[in-house]
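Quick heads-up: the structure tokens below are two forms of one chain, split into structure 1 and structure 2.
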Structure 1
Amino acid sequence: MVTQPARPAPDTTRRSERSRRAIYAAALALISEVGYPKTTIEGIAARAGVGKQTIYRWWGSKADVLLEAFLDLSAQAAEEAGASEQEPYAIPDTGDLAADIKAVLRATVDQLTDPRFEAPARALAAEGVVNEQVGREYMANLMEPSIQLYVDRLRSAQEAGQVRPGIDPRIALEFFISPLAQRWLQYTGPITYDYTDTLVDYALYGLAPR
């Protein structure tokens, strides 16, 4: 592996929290207002009232800034949501698999159409398509946690005999998530509660007659 020119790593302890938050806010605002391609590092710096170097010191690229800003936003949102509940994030387990998953998917539909999330999420997803590293980080940090919840719920359903024993939960969950994701990413169809409900029904009981 090639070792970099060894820019002496900046001292994290002296980092300005104020600047960091301002940069996150500016980045998210600009992405929503003018779109990802017209969002520039210079623009973020100006809007955040920050020197460009402060951005280059702590992040490697525009995508990095956005990724962290979005993670921060998600964490905040989670905190807000989690404040009221004990177990901040888990798919409910009422015993009725279909109902539980439908409920979660409806929440996902709400989030995908929330304008606060829409633009940055889309921008990140697009960058991730073209830039494998960003894609993998996006995956690992933003999607993997939710995916794990599906895996857990499906395993539990499997133990309860509601899902066939041979089924691989990591593949099965894609029937709920991927069609929705594709409709959202590629504008291939409308995103509604009806649609997600149908997805669950089709997936659980199959297309072939019983």
Structure 2
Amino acid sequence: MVTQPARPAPDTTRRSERSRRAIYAAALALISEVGYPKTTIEGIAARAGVGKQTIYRWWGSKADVLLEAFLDLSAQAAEEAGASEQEPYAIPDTGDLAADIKAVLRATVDQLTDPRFEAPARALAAEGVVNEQVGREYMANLMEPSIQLYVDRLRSAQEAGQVRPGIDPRIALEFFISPLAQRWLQYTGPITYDYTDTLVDYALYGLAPR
């Protein structure tokens, strides 16, 4: 009698990761196509080719799925930019504050106008305006890490004597971030390098005659 070789046990870790990736992709695609309100757990499950119980086993709501999918997309972009878990991304400190802030804002322009990011980011941001829980999670998980990068860079500029000691970095960074976010969300003007460069010049050098 010939014994058949034992089949290797299925790799549940690999299968779970494959399902997770499919769910991320489905969630981001649906929110881009139909918007946040019409995106459902059932729709994500059908698009990903998994049962909805698979989603409920890992996440408590569609907001949780979408936020995690977008965080994963952002992490991939950070890796493409050269960041890693060992060396997370930081705004470069070349000694020239204006040049460093301009560079990171230009990268932000590229991300905001990238179709992979724009539709899901816009949908989540819009939902966060009317849904407090989504808004708080969006802020804590997506915005706060980026804001901290500006805080760190402005503090290093203070230590170098390039920014007045009394300036609060968390307020100062809004001169760069808030106008860009408003223009992007409300379509009040084009999102360009020239625009963000000008924001930096106005913020750092003021509006009064020199």
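Residue positions are counted from 1 along structure 1's sequence. Note that the rigid core is defined as the largest set of C-alphas that superpose within 1.5 Å between two forms. Since the structure is predicted, the reported quantities are computational estimates derived from the model, not experimental observations.
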Which of the two shown corresponds to the form predicted alone? 2
Answer yes if the CA of V129 moves 2 Å or more between structure 1 and structure 2 after aligning the rigid core, and no otherwise. no
M139 C-alpha relocation of at least 2 Å between structure 1 and structure 2, rigid core basis: no
Is there a C-alpha shift of 2 Å or more at E42 between structure 1 and structure 2 once the rigid core is superposed? yes
Give me the C-alpha shift of A22 between structure 1 and structure 2, core superposed, in Å. 2.6
